Structure formats: structure tokens, C-alpha cells
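Quick heads-up: it's one chain on its own, the form predicted alone, in C-alpha cells.
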């Protein structure tokens, strides 16, 4: 018993030294159970968000106004599917299967980003999601390229490159509409008005109310706090909004020369809590759609499993 405890202490010291050096943990390395659980929760939530996030934009593929716009949107939604697969694969290296992760999602035991529980009411939302939502994702995800868990960080390199392209696509679409008719311009402004506050909520609750930030920072899973990332996003977005000619719907938004950053108002955190708990505008619809897709695909998974077993027998 004493030898076992001594060995665990040595492993803990090795783990802490790796984190302190800003090196990476790999799947076969020893890690505390809490670290592993935190990674499973965070990476799975990220993967679920990519897959659920296909729904609000996929809704507009058939209604995009030109073949070019259809092709661009179809390619983006396809990218999101790939992101989900990369991230599910990274999570599987921690000893949890993709089936388990999906079942936890549709049973309500795991979450996805709150932003995807808002409806896409106009085609302008496709551009706004690209500009604001993917822009917020970039702020949140680029630091994850340097996260302490190797498979997660490596997956994020490609994800971030593609998300950056998505953000440019969204901005280009909105810029095109803002050069159009007054009706198109009004459509863009209305879309921005709806998505601005949910985009700020994407970074999670304020640091003082975040139950996981401090430990994730200590473990090197996160390298910036929620509020730091939110501030970076606001500072990045304000000049882009000016270039587009849209008004961000925040009366408290202004440059603070003393801080060297923009001051801005706070989202409705009670609304955020409601959405996270499953009571947002589209929570039930999003999960029901994912559940239906999972059930409809059961025969494919069963056939693939049977084929793999047959190949193994004949090998």
C-alpha cells in the first residue's frame, strides 16, 4: 500500500512538472482522474457544438439565393461535420467511445454551445453566424492550439484555420448585403441585433461565476479566462462592425483610453442560464433532430460493426 501511494505521488509530481514546463500530455501518459474528466467534458462539448451547429445553417442550404452561395454554405457545413469528427476522435483517446458521448448528449448529460439554441430567421443570419459566432469561436479556440492535452491541441490547428475562413466568408456575405438594398441592410442589422448578445455568452459565464475556469487554467487546458476572451472578441469586432456599417446593440459600448480596451455591457446571464439548462428557443428542436439522426443511423453502425467483425474473423 505504501509503495502504491509513493508511486502515485511520483506520477502526480511528473504530471505537475509537465504542466509547469508547458509541455503536453499524451493519451498514454498518467493523468489525474479530474484532469481526464475535465478534458472529456470540454472536448465532448466542443464536438457536440460542431455537430449541432450544422443545424441552424444547414436550414438555409436549399434556400440560399445563388448556386455560389449554396456551394459556399454546403462546404462550410461539411467542415463543421469534420470538426466534430476530429474532436470526437480526440475524446476517444481518453477512453470514452463516440457512442457514449452521443448518448450523453441526447440524454441531456452533456451540453453544447448555447449559441446554437437560437433560430436562424433570415438568410442574413448565415453571414452573422460566420462573422460573429465563428469570430467568437476563433478567439476561444486559437489558444486551445496550445492546450496541455496533445490530441486536442493538434486537432484545433486545422479547426482554427477553417474557422478563420468561415469568419471571412460570413463577413464577405454581410458586406455584400450592406452594399445592396435598404431592405438587405435592414436585414443585416436585425440579424446582428439578435446575435450580438448570444455571441458574447459563448465565452461562458463571468470569471467570478465560472466553476471550471480556475482549475482548467491551472492544468493548462485553458490559457485565458472567459472574461479575457470576451474582451478580446469585443475589441476585435468593433472596428469590423464600423467597416460593415452596422451598429452593435450595446449602449454601453465605448472605447476606454485608460484601459486600452472597449467598455461594454453585460449579457442577460439569467437568459444564458435558462438556455444552458435546456430552456432556450431551440433546445428541444436541436436535441430531437440529433436524436432522430442517431436513431436513423443505427442500421449503418450495426452494418459497419458486423462487417468489421467478419473481416477480423477472416484475417
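Residue numbers count along the first chain shown, from 1. Bear in mind that the values here come from a model prediction, so they are computed numbers and not experimental data.
Beyond what is shown, the protein has a form predicted in complex with ligand FAQ; the following relates to that form.
- Site status: open, since ligand FAQ, placed by superposing the C-alphas around its site in the predicted bound form, has no atom within 2.4 Å of backbone or C-beta atoms.
- Heavy atoms of no residue among 167, 233 and 240 are located within 4.5 Å of ligand FAQ in the predicted bound form.
- Heavy atoms within 4.5 Å of ligand FAQ in the predicted bound form are found in one stretch of 182-190, 93-101, 241-249, 73-81, which is 73-81.
- At least one heavy atom of residue 113 is located within 4.5 Å of ligand FAQ in the predicted bound form.
- Ligand FAQ is not shown here, but in the predicted bound form it comes within 4.5 Å of a heavy atom of residue 140.
- Looking at residue 41, you'd find a heavy atom of it within 4.5 angstroms of ligand FAQ in the predicted bound form.
- Contact annotation for residue 176: none of its heavy atoms lies within 4.5 Å of ligand FAQ in the predicted bound form.
- Along 18-50, a non-hydrogen atom within 4.5 Å of ligand FAQ in the predicted bound form is carried by 41, 42, 45, 46, 49, 50, in order along the sequence.
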